[in-house]
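A single chain comes next, written as structure tokens; it is the form predicted alone.
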């Protein structure tokens, strides 16, 4: 996967969560993921097509997503519920939108599908391209989450 695809998703994640959830996510060192395991308790995956194809997934620990969505909604949420599931899909959609806007500035037109949300311990994420993906780990005080990107140029 081309490195130029990573920074737009990193920047998009930080921008969306600072603006919408008032949290300061700290990015860790990106690494290559070679299996299908999710790195969180709830995930959303969204297909991408156009000048680049693949998929984007965000996977959140329970503590991280409860804090993020509680901040977004101005409510004290205690566990993963319907509002959390809806918000995970919407956050993924927003991160995708910001990243696609950055990529468009580099001349790449990318279209996103509708996100799919999956929750539960030990769930899997199957990327459209089926190959390895790049994980960008993040932390906030309440927990961790990852941006999981598998994107390539069409053949």
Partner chain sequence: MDKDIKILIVDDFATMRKVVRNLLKQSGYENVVEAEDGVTAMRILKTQKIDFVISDWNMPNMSGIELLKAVRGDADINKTPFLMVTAEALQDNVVAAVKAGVSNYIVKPFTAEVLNEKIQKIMEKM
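Please read all numbers here as calculations on a predicted model, not as lab measurements. Residue numbers count along the first chain shown, from 1.
There is another form of the same protein, the form predicted together with the partner chain; it is not shown, and what comes next is about it.
Here is the short version: of 10, 20, 140, 135, the single residue with a heavy atom within 4.5 Å of the partner chain in the predicted bound form is 20. Per the 4.5 Å heavy atom criterion, the partner chain in the predicted bound form is contacted by stretch 87 to 95, the sole one of 87 to 95, 120 to 128, 36 to 44, 52 to 60. Shown alone here, residue 147 lies farther than 4.5 Å from the partner chain in the predicted bound form, counting heavy atoms only.
The closest heavy atom approach of residue 104 to the partner chain in the predicted bound form falls within 4.5 Å. Within this chain, residue 80 is remote from the site of the partner chain in the predicted bound form, having no heavy atom within 4.5 Å. Of all the residues from 59 to 80, those having a non-hydrogen atom no more than 4.5 Å from the partner chain in the predicted bound form are 71, 72, 73, 74, 75.
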